[in-house]
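Given as structure tokens, the chain that follows is alone and in the form predicted on its own.
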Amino acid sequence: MRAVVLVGGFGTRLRPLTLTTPKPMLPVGHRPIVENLVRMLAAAGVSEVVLGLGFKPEPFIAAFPDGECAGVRLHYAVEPEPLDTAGAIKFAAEHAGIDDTFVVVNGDVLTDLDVSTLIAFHRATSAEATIHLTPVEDPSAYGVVALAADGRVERFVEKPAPGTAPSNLINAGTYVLEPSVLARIPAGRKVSIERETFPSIVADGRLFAMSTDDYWIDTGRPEPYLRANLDMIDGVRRTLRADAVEEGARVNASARVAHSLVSRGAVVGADAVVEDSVLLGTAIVEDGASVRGSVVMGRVGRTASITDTVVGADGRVDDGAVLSHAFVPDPAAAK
């Protein structure tokens, strides 16, 4: 079994973190998001993953120079231009010569889904395409899926008014596709699998869906990205867990680190306080600084205090500064 993982997006909602690092290369639980996804696929018997690349492909290739991750072969398919979701799937699958049933995973998503169960459901229904669904509390903010009793998708309802949704189930970003789906996708232009391809398969009665209540999170914004990391130390995940302070991090004995992830290479100075936060490997929190509810790649100066703030790799919080709900550097200024 082979799989396509879509990792070619620009990651604009995670700036300034993604000004220097592609979103799927950002770590969750000290491992790149893409590595977490590959490990999930490997557990389902996937032997080759095609990375659908576009924006900044070099870090992916540099991270896995042997063309292998978690025992899975990697194939790199670099789009010449952005082709949207369906276009990216078609390009990557054809680039790798996929001609049998395959899996697709959105590179934003982390889940405890057992992908092998989705594959088995797909085969049992003789579907052309099968999508994983997850329940949400407020379906009015999403595109909702209406299902028949046998799991056949009847229609999609985009952002239904409160109280009118046919279900609380949304597209969770993992698919099993037959190669015939590729023929439905026009070549040479942007094509959305959600808005164009799936509706065409629904019209033929061959799109099915399976819902589960497995752990699921879209890491594409700062708040859920922070939460995805903290979930790795809170025992929320079914099988995955991470050390709060990774070996190789330098935390001064007088510093206080509580309910936070600190990655190898990060530095926390004397009398600093880090709470409910994520310090990536390049982070430096200087003496006496306070970091709460924040994600830090750059430097937080002496006695500075930041809350609910994102500091990119090139970000510097001045000594003594007090910031709340800030982005450093400002993504708007970096455009």
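The term rigid core refers to the most C-alpha atoms you can superpose between the two forms while keeping them within 1.5 Å. One rule holds for the numbers: they count along the sequence shown, beginning at 1. No experiment lies behind these values; they were computed from the predicted model shown.
There is another form of the same protein, the form predicted together with a small molecule; it is not shown, and what comes next is about it.
Listed stretches are 153 to 161, 178 to 186, 240 to 248, 223 to 231; the contact stretch with the small molecule in the predicted bound form is 153 to 161, by a heavy atom cutoff of 4.5 Å. Of the heavy atoms in residue 88, some are within 4.5 Å of the small molecule in the predicted bound form. When contacts are judged by a 4.5 Å heavy atom cut-off, residue 118 does not count as touching the small molecule in the predicted bound form. Contact annotation for residue 127: none of its heavy atoms lies within 4.5 Å of the small molecule in the predicted bound form. Contact between residue 7 and the small molecule in the predicted bound form is found at the 4.5 Å heavy atom cutoff.
Taking a 4.5 Å heavy atom cutoff to the small molecule in the predicted bound form, the contact residue among 171, 263, 260, 111 is 171. The contact residue chosen from 280, 53, 284, 40 relative to the small molecule in the predicted bound form is 53, the criterion being a non-hydrogen atom within 4.5 angstroms. Taking 2 Å as the criterion, residue 156 counts as shifted between the shown form and the other one: its C-alpha moves by at least this amount when the rigid core is aligned.
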